[in-house]
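One chain is shown next in structure tokens, namely the form predicted alone.
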Amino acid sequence: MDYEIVVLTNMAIGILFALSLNVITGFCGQVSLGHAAFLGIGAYTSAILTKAGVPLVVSFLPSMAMAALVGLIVGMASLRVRHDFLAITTMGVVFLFTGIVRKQDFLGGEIGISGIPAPAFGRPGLLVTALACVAIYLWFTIHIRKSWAGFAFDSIAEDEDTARLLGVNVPRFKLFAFVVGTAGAGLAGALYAHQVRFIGPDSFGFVESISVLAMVIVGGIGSIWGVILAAAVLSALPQFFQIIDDYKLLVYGLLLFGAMRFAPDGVDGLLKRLFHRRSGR
């Protein structure tokens, strides 16, 4: 039973992580190849706080705030770049993050931070907490999707210049997407740190950024339920098949290529076409 709880908790953390990137890339159309850095910021912040005696749940807010603050800075730095240049800029964030962490003794340097306290409520309690965090963040993203911000995100993702002509404050909504998305990644990082109880720079490298991007694209860019489905499956697979974990970059890279070449709208689009085909009979 303990193994099943670990798998389910990893799935919940993966879903939360993917939903957070979906706000930036899926809703607002801003490609990010450095999202793992914000997972790492949340993980390190929470680990340091709980090792100092702060309860895990209390560490959630500082973890989200720290990730969101860095996300705001990255978002401000990225306002003038688009498309490929934005992807390269955000990719640099993850290399910068791991490079800084490796040189900081108080962050454990190359060795990382071990002995992260186990949650006071045990692994079942951590699973319930992770599911509650997913539910709250899911509710928040659905609310955003249906609000004016959701329409602004759609217009920016569709055509940024036209959105400006229509009066949409593009920089403001881009920054909002970065703050909400990176805060979600910080929360996922706090949960992740106490799930594995050991973190190091390699836990938040480029491979993790590609993995979460694959979840968003395979699920269907901008689709909440498609991303949840893809994240649940893709975060669980490495735990059942070691070869996927060993060749994660290759496997997820192939998935990205396959989805963009043969099904650009992802699982969500495939399921919708299947449903319409069946209902049309």
Partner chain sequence: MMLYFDLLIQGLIQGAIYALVALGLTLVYGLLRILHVAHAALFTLGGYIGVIVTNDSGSFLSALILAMFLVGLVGMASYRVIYRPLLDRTPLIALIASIGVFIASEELFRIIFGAYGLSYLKPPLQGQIEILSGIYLSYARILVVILAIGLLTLVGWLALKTRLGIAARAAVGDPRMAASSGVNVETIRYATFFIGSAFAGAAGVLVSLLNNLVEPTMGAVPSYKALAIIVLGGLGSVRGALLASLALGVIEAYGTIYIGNFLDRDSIAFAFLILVLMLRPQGLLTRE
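Source: prediction; values computed, not measured. Numbering follows the first chain given and starts at 1.
Not pictured, yet referred to below: the form predicted together with the partner chain.
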The listed residue (109, 122, 92, 117) that reaches within 4.5 Å of the partner chain in the predicted complex by any heavy atom is 92
Answer key: of 68, 221, 230, 41, within 4.5 Å of the partner chain in the predicted complex (heavy atoms) is 221
Checklist entry - Though only this chain appears here, would residue 253 touch the partner chain in the predicted complex if you measure heavy atom gaps against 4.5 Å? => result yes
In the predicted complex, does residue 198 have a heavy atom within 4.5 Å of the partner chain? no
Q.
Using a 4.5 angstroms cut-off on non-hydrogen atoms, would residue 225 count as touching the partner chain in the predicted complex?
A. no
Quiz prompt | residue 206 within 4.5 Å of the partner chain in the predicted complex, heavy atoms | solution = yes
Is it true that 15, 51 and 179 each have at least one non-hydrogen atom within 4.5 Å of the partner chain in the predicted complex?
no
Here the chain appears without its partner; judged in the predicted complex, the stretch of 93-101, 151-159, 170-178, 185-193 with heavy atoms within 4.5 Å of the partner chain is 93-101
Near the partner chain in the predicted complex, with a heavy atom at 4.5 Å or closer, the residues from 5-36 are 31, 33
